[in-house]
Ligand code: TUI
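This document opens with one chain alone, in structure tokens, the form predicted alone.
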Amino acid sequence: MAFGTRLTALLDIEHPIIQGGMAWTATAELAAAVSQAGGLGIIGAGHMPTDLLREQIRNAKALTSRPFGVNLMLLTPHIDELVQLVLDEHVPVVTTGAGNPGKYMAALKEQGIKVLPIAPSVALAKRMESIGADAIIGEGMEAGGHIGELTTMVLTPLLVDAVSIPVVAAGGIADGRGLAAAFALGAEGVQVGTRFMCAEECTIHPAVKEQVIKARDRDTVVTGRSTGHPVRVIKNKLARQIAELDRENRPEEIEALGTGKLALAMRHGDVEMGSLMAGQAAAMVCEIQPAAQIITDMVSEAEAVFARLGGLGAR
């Protein structure tokens, strides 16, 4: 079965699989490996210093001639500098989160950069389409990191009905069954984050990969609800401390406690006091594999699902 969609044509990729732009996790090595395998690799800019992001972009260019992208977190204090860097480096694709990219849309589009905002709601998706977004990434609350309130199963068809541009389903997708389900819901591609945390090319600390592989179905928890910016993580000592502060409605202390904790986990391997941002799909991740094998497996599994469903429909 061919998986060519408006999305694959838009992004000039072979498979409709976008790798999530996870801060301190999605580096040039991972992004390039995913792009080389026919998907779209994404560098997670997060709060990266401008010089470090420039280095990451140039490293990715050295590792692959295929298109890749950068995820920009719009609440980053020096976001203006990061956007200018993306323009200067002619990055083909930008995904955005934590804000409205409207301020930068004209400049990005003038440069020919494809812009895919992450939207956890219909209202935001419509707004993004109205200001020129090329596609929408609808991220359900199953995802790791910052989340909205709707599940992927509900959000995806709502977005498909609400906008005319391609919709990418995200949250809880880690294998070919999830890819097939996303297509059944009307999406034209998927974004996968947690599964790629255990790619061989992912440079996060091995101790974090071990936590993902060990995770069971109820081992993630949503923290920081009282701050207005809830985050899904794998349970650990930090998550328990934040949960206690949540119960006591102490959002300022949560913000202070959480500062620097993502890097503490992903770069330094502190799996107790670091923030283990990962989605519910962690329970479906069982081994470390090359990124190319992850993509190949997802596509072949999805093809098998469609073949089976086609047989059911013929009865």
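This structure is a prediction, so every number in the text was calculated from the model and none was measured. Residue numbers run from 1 along the displayed sequence.
Same protein, other form: the form predicted together with this ligand, not shown, and the subject of what follows.
In summary, among the residues Lys126, Lys237, His229, Lys109, the only one with a non-hydrogen atom within 4.5 Å of this ligand in the predicted bound form is His229.
A single residue from the set Val160, Leu245, Val83, Ile147 has any heavy atom within 4.5 angstroms of this ligand in the predicted bound form; that residue is Ile147.
Although the partner is absent here, Ile118 lies within 4.5 Å of this ligand in the predicted bound form, judged by heavy atoms. Residue contact with this ligand in the predicted bound form: Val122 places no heavy atom within 4.5 Å of it. Of the heavy atoms in Val221, none are within 4.5 Å of this ligand in the predicted bound form. In the predicted bound form, this ligand lies within 4.5 Å of some heavy atom of Met277.
Only one segment in the set 178-186, 152-160, 93-101, 207-215 has any non-hydrogen atom within 4.5 angstroms of this ligand in the predicted bound form, and it is 93-101. In the predicted bound form, Met73, Leu75 are the residues of 42-78 with at least one heavy atom within 4.5 Å of this ligand, listed from first to last.
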